[in-house]
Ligand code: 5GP
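As a starting point, one isolated chain is supplied in structure tokens, in the form predicted on its own.
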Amino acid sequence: MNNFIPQQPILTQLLQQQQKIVISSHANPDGDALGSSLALYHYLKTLGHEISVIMPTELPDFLNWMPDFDKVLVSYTQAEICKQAIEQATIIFSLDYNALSRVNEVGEWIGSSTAYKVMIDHHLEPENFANAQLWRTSASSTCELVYDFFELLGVWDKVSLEACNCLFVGILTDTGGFRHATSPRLFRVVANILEKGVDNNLISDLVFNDYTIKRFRLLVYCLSQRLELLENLNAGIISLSMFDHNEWDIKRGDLEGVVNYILKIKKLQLAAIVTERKEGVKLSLRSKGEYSVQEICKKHFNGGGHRNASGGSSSENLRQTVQKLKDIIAQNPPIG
């Protein structure tokens, strides 16, 4: 479905005057959350606006090379600064999320704000909290939609290389290295981004080949000790307890991409990593072909995403959540 910004002239007029702008994205930010937020930040700062980029939780360290990564505020540790920025904001951009509950306490502050609100997102069933939306579920990523946003405003020729590097990161990571959620149109967008001077090989190397020794050993542990192969169901599940988190001192981003290794096994069609954290049990699911993990996350785990890449959460403990997931898969196993 499409829902392009209906008040584009209003937003264009607002951006012609100096504004206090907040760019926000979801908890546990990934490459698309950071990429879309920083790409928009880099464009808007050229217009002279006062801008704050806010995330609810810590950032993934493996992306710390991204331009102005260190400018992002984290509400979990900088609550008063973030709250004040939102209270003073005249425009708020909500990127890569469509429900205020996905940004923790930041959502409450945004909900109470009188600022002009813009949502740019590609997930299902958005809440009606924004004055304007750029929403398309067929988009590969929010970064693809931020590219569309620049095109709608007629400013693509003014978008910097730094912003394009950020867009490329979000598209690259949200498609799993162009393995899912792609389209002919996306590759035309990527071609336009690359023509700005983006170094595809360099960024791919920084994203996919930047393991520390600890992170690599954690990957080995996950695959050798914590992976359960359900060959009769064509699926594999990695589960990590709080003990594992503490033992390995797992930080945000350390588990990025681990779930994808399960699908390297030829027969398997579904992969999951289930992690027990202080804030509850989280799930990240991947699949091949037509099998929809999006439906599993949406119906059973208060989540969603793409057909082949989705996430969710559970109020049950780790053991119960893993068993529930097995039962769900058993009711509708993927065909190997």
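Counting begins at 1, following the sequence as shown. Just so it is clear, the model here is predicted, and its values are computed rather than measured.
As for the form predicted in complex with the ligand, it is not shown, yet the points below apply to it.
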Practice prompt. Please determine, with the chain shown alone, which of 48 to 56, 35 to 43, 303 to 311, 65 to 73 has non-hydrogen atoms within 4.5 Å of the ligand in the predicted bound form.
Written response: 303 to 311
Response to the item:
the ligand in the predicted bound form has a heavy atom of only one listed residue within 4.5 Å, and of R226, H123, K117, R215 that residue is H123
Discussion item. Just checking whether S284 would be counted as a contact of the ligand in the predicted bound form - the rule being heavy atoms within 4.5 angstroms.
Written reply: yes
Worksheet item: Given that the partner is absent here, does R136 sit within 4.5 Å of the ligand in the predicted bound form, heavy atoms only?
Response: no
